[in-house]
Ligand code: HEC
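What follows is a single chain, given as structure tokens, in the form predicted alone.
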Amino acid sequence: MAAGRGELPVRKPHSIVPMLIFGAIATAVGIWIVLAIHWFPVDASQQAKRTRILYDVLLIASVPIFVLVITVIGFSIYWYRMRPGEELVDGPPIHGNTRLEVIWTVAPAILIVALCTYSVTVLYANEANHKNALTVDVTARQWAFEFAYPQPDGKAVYSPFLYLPNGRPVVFRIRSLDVIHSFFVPNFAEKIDAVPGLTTTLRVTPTKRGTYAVECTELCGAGHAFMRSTAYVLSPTAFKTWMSKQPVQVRTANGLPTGSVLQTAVPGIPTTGPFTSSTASSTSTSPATTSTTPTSTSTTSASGTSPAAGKAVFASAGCSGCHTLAAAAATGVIGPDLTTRLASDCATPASQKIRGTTLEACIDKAVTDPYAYIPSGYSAGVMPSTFASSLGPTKIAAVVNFLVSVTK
């Protein structure tokens, strides 16, 4: 021992009763606090309920451990702190407690195995297959979701909004046309990435009728924050009524929803699929005004070039996600505000020199070749430049007629 240093006498251990009392009270208060906090939105699916219960179990298991560690450390610091005059005095040599070491090794191991086992059972329950499940194809692209309801004859019902029957299991088949997106309905507590070249699967059983947000939770470009849709969980009867009012559309050769910006150069996009028809049509469904029954729908055939048909294409092609247009109930802020700027931009000499002098020619050029003339305050690389080939002349004409009708 170094000169001038002594050794502390062994101190009599203090009673652990105060520590036990404090720990019990702190544990009770801590569990009450963590269970009182609303960590999740309202449960709207069986999966959400199971996930929330699992999270509560993890919190209940974590709080006592946290309190135990903090309490022992805190009381040890207080009881065995250095007193004045003991700066140069060593503490007594001590030996570990083998029984205690076995307990704090075995007990956490048992707890971890138990929690992992419970987590796995929840995972398997959430991903279990169910008979009579409704299949919904989800197509993600910059920056919109499209939903397709396959029919037995190989056709499908399409909608920019998600409609689901309450209480029926649903299987989502999700894919992306461009970059990685993520399909997420917070109230369902289930999400999965949409990866180019892959079809990912998600299973949900809605349990509460209502209107819920659909979000992309993967940074996917300039319009990521506006890549949203709406999910309507209806009663089985209301859902059946909604489906009966929707036209059954022929699917494209690659099986993707009709109105999509089909970027065929993206790896993994098939050129053939289970749906062999080469013709397609488009439909758009307006959101329900209540949480139980959709009150208005708007459908049109892609063979028409009427403004009504153009309005449907405007929604299905994702234009609403980037532009504001009162006539289409669109509130996007990435691109120009079409409600106020379309006519003025088409009237500028610079625009007319490139796009043409008529409003129809100007709008057509703006859609099919968006970077030939870029309005002030905007830059290239945001709006898809493939609409001419992906939508085709009929849909382009319909969109032009729709925009002309609401601009004049």
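Think of the rigid core as the biggest set of C-alphas that the two forms share within 1.5 Å after superposition. Note that residue numbering begins at 1 and tracks the sequence as displayed. Quantities reported herein were computed from a predicted structural model and do not represent experimental measurements.
In what follows, reference is made to the form predicted together with heme C (HEC), a form of this protein that is not presented.
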{"item": "Answer option from 374, 34, 361, 61, heavy atom within 4.5 Å of heme C (HEC) in the predicted bound form", "value": "374"}
{"item": "Answer option from 189, 309, 148, 322, heavy atom within 4.5 Å of heme C (HEC) in the predicted bound form", "value": "322"}
{"item": "Interface membership of residue 304, heme C (HEC) in the predicted bound form, 4.5 Å heavy atom rule", "value": "no"}
{"item": "Contact of residue 39 with heme C (HEC) in the predicted bound form (heavy atom, 4.5 Å)", "value": "no"}
{"item": "Contact test in the predicted bound form: residue 384 vs heme C (HEC), heavy atoms, 4.5 Å", "value": "yes"}
{"item": "Residue 177: touches heme C (HEC) in the predicted bound form, heavy atom cutoff 4.5 angstroms", "value": "yes"}
{"item": "Options 65-73, 49-57, 361-369, 22-30; stretch whose heavy atom lies within 4.5 Å of heme C (HEC) in the predicted bound form", "value": "361-369"}
{"item": "Output flag, 318, 345 and 355 jointly within 4.5 Å of heme C (HEC) in the predicted bound form, heavy atom basis", "value": "yes"}
{"item": "Core-aligned C-alpha movement of residue 347 between this form and the one not shown, 2 Å or more", "value": "yes"}
{"item": "Residue 64: Cα shift of 2 Å or greater between this form and the one not shown (core-aligned)", "value": "no"}
{"item": "Displaced residue check between this form and the one not shown: residue 314, CA, 2 Å or over, core reference", "value": "yes"}
{"item": "Note on residue 226-residue 400 C-alpha separation in the predicted bound form, which departs from the shown form by 3 angstroms or more", "value": "farther"}
{"item": "Direction of the Cα shift between residue 149 and residue 315 in the predicted bound form, where the change is 3 Å or more", "value": "farther"}
